[in-house]
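Encoded as structure tokens, the following chain is the form predicted on its own, with no partner shown.
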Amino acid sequence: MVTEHAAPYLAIQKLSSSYGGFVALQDVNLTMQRGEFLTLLGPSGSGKSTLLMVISGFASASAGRIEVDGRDLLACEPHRRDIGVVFQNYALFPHMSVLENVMFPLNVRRHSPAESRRRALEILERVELVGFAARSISSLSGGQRQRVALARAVVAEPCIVLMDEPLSALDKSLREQMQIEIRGLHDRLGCTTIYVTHDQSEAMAMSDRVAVMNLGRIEQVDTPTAIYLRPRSTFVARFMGNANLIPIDALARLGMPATALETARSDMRLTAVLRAEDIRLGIGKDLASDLRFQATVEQATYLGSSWMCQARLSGDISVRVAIPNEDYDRSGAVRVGAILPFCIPHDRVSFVTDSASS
């Protein structure tokens, strides 16, 4: 359970990291509460794995400070930072059994063999692998290896658990299952967890908060709901789902209330965000309170649960529209070349700037 308004458990201040002339992190500021699950989300090269490696001590910082519970982490050697890490490839020892892998961090910390075994078996029970203690790593499935890696990371009760894209090698169904398992283990164990992924749906499903990274900076940190519904920059809006970005001057012609446009302009938020799933077919609907427009269907693609349509308003402005199957089938009018009415509630339109400060 995350404690609201408490002093931060983890505090990262003006952290930068460079190597070989390349700036991987630039003035990163981030705080976390004890027990929080925070995801670093961003494309390849955005700096999320580098930030994880600096926290763990596997990469160096060129400037800044990291404190955990008031302790200067950068002043500690990596093996004294009390950090648990789950790597992308799990980094399990193939010559050791499942039990020996999980005991390893305790043995390094010079616990007695009996104590190491007791604690390792206890954590294996919590990840539902106690019956696999004597198994070799090579005999395990991908999901079982992932749970062994997680058990090894948390068995010594570290101050923070770092997870670097641990599900990227799994197929879609197993990945979704493991998302639930990892979040459940996090809640049961009370870990403070930093999780790295480039998968937006994974971040949304698992996190208390999400930090969206771009070019070595944090663009926005917020709850999954706020990140999705109230992005602060064009980058965040584009990266999170199917966002249509339209100059706000174009909205004035479509009936957007003048007060909303004036407020956006005063904050220098000059681009409107219209989510594809919020735009609806206007056929047979009361459009009185909605933003309304007509657009020509240029493409319609079946996605299983819905149809994704590309429709052109005018000039070079086009939008993607997610149409549920029942609306698509009921209207019978969605076809390439058709000019159709569309609508979106005013309160589902948000406004962003071209960039956001870290």
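For every residue, the number given is its place in the sequence shown, counted from 1. Predicted model, so just to flag it, every value in this text is computed and none were measured.
Another form, the form predicted in complex with ligand ADP, is not on view; read the next lines as being about it.
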| property | result |
| --- | --- |
| Contact assignment for ligand ADP in the predicted bound form, among Val334, Cys343, Leu10, Ala24, heavy atom within 4.5 Å | Ala24 |
| In the predicted bound form, the residue from Ser60, Ser44, Thr301, Ser305 that sits within 4.5 Å of ligand ADP by heavy atoms | Ser44 |
| Heavy atom contact within 4.5 Å of ligand ADP in the predicted bound form, the stretch among 66 to 74, 47 to 55, 28 to 36, 306 to 314 | 47 to 55 |
| Residues of stretch 113 to 148 in contact with ligand ADP in the predicted bound form (4.5 Å, non-hydrogen atom) | none |
